[in-house]
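The chain that follows stands alone, in the form predicted alone, written as structure tokens.
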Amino acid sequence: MSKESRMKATVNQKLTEMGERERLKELLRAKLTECGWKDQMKAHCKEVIKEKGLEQITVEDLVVEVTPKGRALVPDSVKKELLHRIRTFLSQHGT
């Protein structure tokens, strides 16, 4: 396991143990709903299903198809806020 992988695992474990991971997930859900991301993704999913045909697409196929656009549509302000929260948490809890 690389040093980076170990560090990610340690950070994830600390976030999970202290309940911060769940708080960050809730914040992310709220921010994505607030900025309209959820509605955009819902519309995109409907487009893809209509294009491919309901009987021709699996959930896995849909996820693969919409994930790149979903990531791209997350506003930079939301990414920055989450990163700031994680950094603050880590500085307060010494990882």
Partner chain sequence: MSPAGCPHVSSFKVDNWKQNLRVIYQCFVWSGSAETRKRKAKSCICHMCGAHLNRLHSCLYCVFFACFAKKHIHEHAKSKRHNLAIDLLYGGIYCFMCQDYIYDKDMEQIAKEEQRKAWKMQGMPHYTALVISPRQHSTGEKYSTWEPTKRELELLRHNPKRRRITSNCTIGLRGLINLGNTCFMNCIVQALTHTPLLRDFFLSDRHKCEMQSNSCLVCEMSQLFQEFYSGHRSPHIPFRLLHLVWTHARHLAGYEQQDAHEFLIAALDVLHRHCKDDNGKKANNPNHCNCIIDQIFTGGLQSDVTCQVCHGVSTTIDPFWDISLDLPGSSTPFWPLSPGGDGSALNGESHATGATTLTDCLRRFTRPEHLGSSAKIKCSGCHSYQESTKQLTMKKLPIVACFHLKRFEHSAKLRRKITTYVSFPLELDMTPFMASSKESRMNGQYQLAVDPFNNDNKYSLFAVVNHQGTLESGHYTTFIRQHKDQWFKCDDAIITKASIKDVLDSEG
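Numbering follows the first chain given and starts at 1. Predicted, not measured: the structure shown is a model, and the values here were computed from it.
Note that the form predicted in complex with the partner chain isn't included here; everything after this is about it.
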Problem set entry | Contact flag, residue 52 vs the partner chain in the predicted bound form, heavy atom cut 4.5 Å | no
For this session: Evaluate residue 57 for contact with the partner chain in the predicted bound form, applying a 4.5 angstroms cut-off between non-hydrogen atoms, and reply yes or no.
Result: yes
